[in-house]
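The data below hold one chain only, encoded as structure tokens and taken in the form predicted on its own.
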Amino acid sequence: MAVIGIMSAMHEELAAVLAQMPDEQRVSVAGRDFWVGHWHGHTVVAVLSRIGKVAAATTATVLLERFQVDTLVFTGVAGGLGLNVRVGDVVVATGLVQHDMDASPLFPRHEVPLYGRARFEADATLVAQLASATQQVLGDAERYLGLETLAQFHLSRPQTHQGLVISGDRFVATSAESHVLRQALPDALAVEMEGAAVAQVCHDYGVPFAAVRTISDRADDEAHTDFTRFIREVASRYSLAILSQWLLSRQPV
């Protein structure tokens, strides 16, 4: 039977997933708790990614080696970089790059040494499936968030985006940093701290990977102040609904 790995960047997201897996069993490996169970007829292993590229890569490696995961989906939040990417929108990554990778002059900036590439592609089929699920959820955002939450966070007609997501071991929270990233990687829609490393691990193992990120702020001086509340009331609800919709659309193998 196929095994689906779900990596959550936030505790609230993981808790929401586990609530849908009443038969989950905890397996502790490498200081991490992996939860094995079933959701919508699929065998699922859910885990908290940990923060940063190395920690997330370790988590992904254990998922693939120990639990023989066939497909890996990563959910979380990110800072918006793209011009039309707003708070409350969702980005489905089509490719991922480490914005802080720089082995120049030996290799071009952003290129991962010995790989001959900077960008690691997400699985096209997974991207299409998750983008479709995201569009369905955002199209009915009132149902999943409620009118009061939409109003409080000033969320109006949230949109689904597909494109480049960049990762680095730095929390980007100033306009100056965002400007530098846009200049270096003008196609980037969002920035976070783990996805590109997980994409590289999945590339090494030949396992389909995709990432879905809710935009929590614009990665600038006006970044959202009530981050925890946004995670709880918006991002974790989006992630749960998107994953649920995606799993329902997949035929259990």
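Bear in mind that the values here come from a model prediction, so they are computed numbers and not experimental data. A residue's number is simply how far along the shown sequence it sits, counting from 1.
From this point on, the text means the form predicted in complex with a small molecule, which you will not see here.
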Inset, instruction - State yes only if every one of Val77, Val172 and Ser216 has a non-hydrogen atom within 4.5 Å of the small molecule in the predicted complex; otherwise state no. - result: yes
Inset, instruction - Have a look at Val44, Ala210, Met193, Leu189 for me and say which one sits with a heavy atom within 4.5 Å of the small molecule in the predicted complex. - result: Met193
Legend entry - Segment that reaches the small molecule in the predicted complex - one of 143 to 151, 125 to 133, 156 to 164, 77 to 85, heavy atoms within 4.5 Å: 77 to 85
Inset, instruction - May I ask you to check whether Tyr205 falls inside a 4.5 Å heavy atom distance of the small molecule in the predicted complex? - result: no
